[in-house]
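Presented as structure tokens, the chain that follows is alone, the form predicted alone.
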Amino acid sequence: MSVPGREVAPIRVALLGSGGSIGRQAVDVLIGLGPAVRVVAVATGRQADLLEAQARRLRPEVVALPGDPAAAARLDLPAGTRVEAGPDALVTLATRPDVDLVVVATGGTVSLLPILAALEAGKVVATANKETLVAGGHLVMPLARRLAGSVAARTPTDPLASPLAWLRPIDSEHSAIWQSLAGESPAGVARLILTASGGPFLDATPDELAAATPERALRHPTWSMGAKITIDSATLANKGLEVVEAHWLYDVGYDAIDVVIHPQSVVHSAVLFVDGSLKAQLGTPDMRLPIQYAVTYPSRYPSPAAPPDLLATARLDFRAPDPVRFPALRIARDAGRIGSRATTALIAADEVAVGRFLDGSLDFPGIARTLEAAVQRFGDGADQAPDVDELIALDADVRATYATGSPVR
């Protein structure tokens, strides 16, 4: 980052998942930061044409296309950019010696191994990947705490003397809580308050929910996001996943994490303190804001996002979520209380169920039915802190069980 009076080397970034909604917005943010950052590595799953275009814009040292090895071999890349191939390409990119910060914009448990490897290698990780913490919080957070503890032992006031400086949340809700906690003691926190827009079906009747189409569910009233997260917003499953994330990120019990519906999506989340004070972070619904904060922390830079206009907003509404209309929120919270086997089953089932809803083989209420069935079937077990191999195997079992056109009752 630039500091008045002296030159500072740019932050060297590896971007994993550059082809999704968050990844494409991250590219815009990184380019907008100019010489403050240097993009060293870029990876996306299968979008060869997009990766070529991004390589021409970013001029990275290396790219990876792990989902399509044949296309990776044919990439037309600028001079000086090479391809990293093989099943461990994401781990290789995340642990390069010339990488300082890994931005993780991929979905699913595919990110768990590169995130663990990056932290083990002493890299800062900025992640929009819910699944990593929901399934593997018990594996990820000890690494972030160990890195922070090493810094704190030397320089307690260093910004990196905090686990959240090593594992930086990109989700707007968790970025808001992170920002609200700046300068605060954990002992002063009474409750965390996650806000939810309520999605397109906030006031829908049971009959309307049963007849909901993918086209209608994808019309989010305030946010522009990828299909998976948009459907998760419509079911409130995303908010349930964020409750589990909050438990791990901030070391807060589930009973101290609230969810409130806020249709305007201006208040992105808040923290209630023991003295009765409430701190919230407000902003326009633009993911470039939390992406940029995670990259530039602890500094702030001008952003392309428009600031919130409180006069134009005029009012801010809040209400409790309806547990009957949105059972996925309760199912996710219950899974979190059970443990990591249950939450791993939850996220695997959710990805399958959302895919089936989008392809027409499952009705909208069937998403929550699938989540509950998966948690009940796969969530129990004495070992609720499975290792990486067990998590990956469990994820595969759940997907194989529910990836079918038959209805889930």
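These numbers come from a predicted model, not from an experiment. The first residue of the sequence shown is number 1, and the count goes up from there.
Beyond what is shown, the protein has a form predicted in complex with a small molecule; the following relates to that form.
- Taking the partner from the other structure, the small molecule in the model of the complex has no heavy atom within 4.5 Å of any heavy atom of L139.
- The small molecule is not drawn, but in the model of the complex it has no heavy atom within 4.5 Å of P386.
- The closest heavy atom approach of A126 to the small molecule in the model of the complex falls outside 4.5 Å.
- Although the partner is absent here, A43 is a contact residue: one of its heavy atoms lies within 4.5 angstroms of the small molecule in the model of the complex.
- In summary, among the residues S175, Q292, T106, T195, the only one with a non-hydrogen atom within 4.5 Å of the small molecule in the model of the complex is T106.
- For the options G226, G339, P321, P221, the residue carrying a heavy atom within 4.5 angstroms of the small molecule in the model of the complex is G226.
- At a distance of at most 4.5 angstroms from the small molecule in the model of the complex, none of the three residues L236, S361 and D395 contributes a non-hydrogen atom.
- The stretch from 155-163, 226-234, 198-206, 258-266 that comes within 4.5 Å of the small molecule in the model of the complex, counting heavy atoms only, is 226-234.
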